[in-house]
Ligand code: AMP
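A single chain, nothing else alongside it, follows as structure tokens in the form predicted alone.
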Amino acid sequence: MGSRHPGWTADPRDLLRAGPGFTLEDVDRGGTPGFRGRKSDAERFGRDRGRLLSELQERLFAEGRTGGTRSVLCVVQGLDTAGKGGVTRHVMSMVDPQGVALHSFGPPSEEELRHDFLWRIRNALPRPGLIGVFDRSHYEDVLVVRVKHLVPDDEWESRYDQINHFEKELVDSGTVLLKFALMVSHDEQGIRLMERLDRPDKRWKFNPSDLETRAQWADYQAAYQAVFERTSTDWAPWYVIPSDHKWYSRVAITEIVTQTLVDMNPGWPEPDWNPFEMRDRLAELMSSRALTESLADTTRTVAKAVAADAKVQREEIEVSLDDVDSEDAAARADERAALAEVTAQRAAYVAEAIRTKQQKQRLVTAAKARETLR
């Protein structure tokens, strides 16, 4: 079948996960692991993948609006200039904004300080059906707090276990947790900070405290290493994203979020009412002219749904089965079964469309009769 995952040689979730023995020093922050091509290829691939991401996000949103309990939470961490805001703008701009819940966490307020460090995080968790994005998060309480000695060592030390317990509880309740650490190199961060100083339209992003943070670079690297060692778990792994190339971090996160939604496989919810019955009732409130126009649009409307749904399912198959040996009998069998499901779904849509047109023809006739009697 050839490559079913254009641009990627392997699933970035496998390539970028901070597993046992992970060492931050080994990360090439100017690298682009697993992606074939350059910036223009990544941007084109990201746009293509965005169409699938948008469809899957809408399905998840619909699921949440009809009693579903699942959600996605993307935690985005990184030092200044790593590209956290750009990830939010570029990746989440591809989905319906009503399905995204964004929260940025700065220094805690007086009220937040009166509670435990996870209190404000719990209050910002995404509702079912939403994709939540945290620009910084509870990890500030084992990063900034540790480096700047804001609390005693034993206090921040105990937070790793609290975080793991909290995240396990969160995942068990139906939230898929994706943790992204954007790792920029020391030189690249300096260049980006200098650009903020040079450009009048970027100076608002610069804060003199950025220089204090930069002077503590080694301490922050050690703090991040501890975070990966202590909190990259089976239920909530860290993905460490080389970020000297902003286009790479964006396309990698887009792919990981898309792959995750494919695995979740959200479907369109089934209503607890009969569309044929509702169509009868609605027709009583429509003119024969409007019903005739609706009848004429039936084939086009259903064909649009068929094409969109089949396309999404085919893309899901391609994403899910990528990098599987095409000679593997089990993989081929899975693929045939998945494609057969697409064919069956298309046939079901067509059969219902035929019934719908027949019903509408009867409704048009009835509406014209009613109007003649008036």
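All residue numbers are counted from 1 along the displayed sequence. All of these numbers come straight from a predicted model, not from anything done at the bench.
The form predicted together with the named molecule is left out here; the points below concern that form.
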Discussion item. If we define contact as a non-hydrogen atom of the residue within 4.5 angstroms of the partner, is D219 a contact of the named molecule in the predicted bound form?
Written reply: no
Worksheet item: Do V145 and the named molecule share at least one heavy atom pair within 4.5 Å in the predicted bound form?
Response: yes
Worksheet entry | the named molecule contact in the predicted bound form: L282, any heavy atom under 4.5 Å | no
Item to complete: May I ask you to check whether A215 falls inside a 4.5 Å heavy atom distance of the named molecule in the predicted bound form?
Response: no
Worksheet item: Among the candidate residues A296, A290, L150, A303, which is the single one with a non-hydrogen atom no more than 4.5 Å from the named molecule in the predicted bound form?
Response: L150
Fill in: One residue of E167, E229, E188, E140 in contact with the named molecule, assessed in the predicted bound form (non-hydrogen atom, 4.5 angstroms)
E140
Worksheet item: the named molecule isn't shown here, but in the predicted bound form, which of 248-256, 100-108, 262-270, 172-180 has heavy atoms within 4.5 Å of it?
Response: 100-108
Practice prompt. Kindly indicate whether D80, R120 and R136 are, all three, within 4.5 angstroms of the named molecule in the predicted bound form, using heavy atoms.
Written response: yes
